[in-house]
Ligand code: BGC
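Next comes just one chain, in structure tokens: the form predicted on its own.
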């Protein structure tokens, strides 16, 4: 069957290839699920793997199938599968367990090992192919009423996890009632974080470079939140105008902005970094000032990567509520479809060249 793959370590190696059909019997406990892939989202991670910034092939292969944001339909189940049935719409988690205690209890997104296993990213093949087989534990049902949001399930899980982890850490405060949040970046993670925070009742300010009106500003407004162009108002100036944030989510992919955010966080607040920065940029920061304010202000810096099944399920619930609260808004994130695996070069062109491409996804097949 067809798949879009790269040769890790070789820049610009994305290509179309034939790979073996998956076998449901490869899941030895009878809990295998075979999924026909309908759509796969792609993002900066796929671009950076093709740029050879990171990523490794599975043992025994010299290629890595890309794609970690999947949406499909169940075609076959093993005899011991209980929670999904043939015909269900599903997505699948990305991270897979290693050997640490955290991996073994289901929190495989919190592994303590240096080596990690992620489908389409590191040591495991991804979903940019015609079908895949996986264990039932990693397959998550998607309600039929949300199928129009298809590839947003995985990025939504990352947003849900990042914010859930912030609230979990803040149990240290005994009572924590955040009122103001800054979201840095208005890509898919930033916009979905805006939704999660708004649903939690916070006043949300979402910052991005572009001047309003634009698609991102319209989506933010549709979520009843505040769009701020950094061309007009810097992060530090926004904090002076409206007050420092109780919670900041950085989703920019810029280490400079990630560190700048440390100056805009209020007392007892949490700054969550979700960005993966694969470059070598160095940034000068007022370290003495930040050190003093963070110690005296009991501030917390939290890194959040990937998500486990719990976060997928929480994210899907938030998407469902978001569709009721803000009908039609979230679908606008899905801007750039690519038709068929054969058009992998157009997929990469959109990721590399088209700054207006908010969400690129591949229509792999129809139902």
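Numbering follows the first chain given and starts at 1. In this text the structure is predicted, and so the values were computed from the model without any measurement.
Keep in mind that the form predicted together with ligand BGC is missing from the display, and what follows is about it.
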Assert contact_stretch over 299-307, 326-334, 58-66, 313-321 against ligand BGC in the predicted bound form, heavy atom within 4.5 Å, equals 299-307
message = Residue-level question: is residue 118 within 4.5 Å of ligand BGC in the predicted bound form, judged on heavy atoms?
response = yes
Contact label in the predicted bound form: residue 216 to ligand BGC, heavy atom within 4.5 Å | no
Partner contact for residue 154 in the predicted bound form: ligand BGC, 4.5 angstroms, heavy atom:
yes
Any chance residue 94 has a heavy atom within 4.5 Å of ligand BGC in the predicted bound form?
-> yes
Picking from 158, 245, 208, 128, the single residue whose non-hydrogen atoms come within 4.5 angstroms of ligand BGC in the predicted bound form is 158
Interface check vs ligand BGC in the predicted bound form: of 285, 173, 276, 236, the one with a heavy atom inside 4.5 Å is 276
Those residues of 17-52 with a non-hydrogen atom no more than 4.5 Å from ligand BGC in the predicted bound form are 43, 45
